[in-house]
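Listed next as structure tokens is one chain, alone, in the form predicted alone.
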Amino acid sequence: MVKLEDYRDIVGDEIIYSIYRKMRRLYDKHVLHINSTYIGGGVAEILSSLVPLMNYVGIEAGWRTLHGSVDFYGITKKIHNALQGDKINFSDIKKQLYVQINELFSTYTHINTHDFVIIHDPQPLPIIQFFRKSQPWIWRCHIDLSSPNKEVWEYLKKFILKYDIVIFSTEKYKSPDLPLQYKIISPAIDPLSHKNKEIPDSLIFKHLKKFGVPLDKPFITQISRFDKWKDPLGVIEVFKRIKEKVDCRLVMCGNMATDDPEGFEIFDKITKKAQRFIENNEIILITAENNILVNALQRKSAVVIQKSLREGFGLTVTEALWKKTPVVASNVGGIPLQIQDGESGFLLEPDDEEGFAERTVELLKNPSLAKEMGKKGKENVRKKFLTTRMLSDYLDLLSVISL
């Protein structure tokens, strides 16, 4: 088990002491996190590090996942897309199933012993109405709400208004028509997790070989779930332009999260569009849920691309920067918080395929620039986007609302 003290060499003694000092008001408090899945996606990854650390410093923290059906996750995926601006056929039957699954989950979920309840994202949002509140409830929204579908937003607000406070990843996600108190807590990565810790070259080469990634030429990578908002088809178009100027490969590595039924459909579209490149071993698609592989890919990639159309935050950007790998990414969501354009990476508008290609080629042809950007990117992550900072932010919030 990782201990808070294990982070000392990374973040320094002052940060470690500050966390223990903030805990003084919270000893033996009980916190319950509820989300939609225990594996796949940024929320599960965040909780897998945050919850154990909360327990280690003195909070009694628990984590439960919603037991949804295939139909339920199909609906909540559409809700997720609608909150990012998509159209939706939001029928009464869909609304009923959405609420009924939450009601069913409440019948075997006891929360009366917890001092705080933190609900992550829209999937378990309605569960609040099936309990008699005796503690603060917090809705932690990881989604970009800057321009949501109005019908869905108005429907969800009737649940949100029951909460005591909302957490957003960035200030610009806060909806102006939401009267609740709110807190900004940016997501973060765990530098000691298998995905992010230092690993020897022998292990890197072993995993790259196992998953069919040759090292005879440089490769660029996009690591994301197979989701239309990550614009994987656009990434392929960018790669076509890059190939005209530099001989390289593209690796697209993603997972199939249990709460995202659209993943298989998107993967099929990618396979069809990239068929010629796949046959020539110029594009490599990987669907394995393997953190060490991701670690290896991010460390050995010449450039990491994150061509998102919309983005909640983009932890894969943080992960790559932590490994001193330069990133070319979309200027959307939480990505601009992580990259200083022209210093620790490049930011472009999502539809600028030519710009993505040009910046990537620039880094491929100029290793010294790539190295300098990588160094600056890692230092920015160390200061702002490690799990110790996120833990500290949560302690600040819980201390205030427990008064």
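Residues carry their position along the shown sequence, with the first being 1. Owing to the predicted nature of the structure, the values given are computational and were not obtained by experimental measurement.
If you look for the form predicted in complex with a small molecule, you will not find it shown, but the lines that follow are about it.
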- prompt: Does any heavy atom of Gly374 come within 4.5 Å of a heavy atom of the small molecule in the model of the complex?
  reply: no
task: Using the partner position in the model of the complex, report whether Ile223 sits within 4.5 Å of the small molecule, counting heavy atoms only.
output: yes
- prompt: Any of the heavy atoms of Gly42 lying within 4.5 Å of the small molecule in the model of the complex?
  reply: yes
query: Can Leu233 be called a contact residue for the small molecule in the model of the complex at 4.5 Å between heavy atoms?
result: no
- prompt: Which one of Ile283, Val294, Ile79, Val304 is close to the small molecule in the model of the complex, taking close to mean a heavy atom within 4.5 Å?
  reply: Val294
message: Just to confirm, with a 4.5 Å cut-off on non-hydrogen atoms, which of Thr325, Ser330, Thr316, Asn102 contacts the small molecule in the model of the complex?
response: Thr316
field: Candidate stretches 63-71, 349-357, 34-42, 366-374, one within 4.5 Å of the small molecule in the model of the complex by heavy atom
entry: 34-42
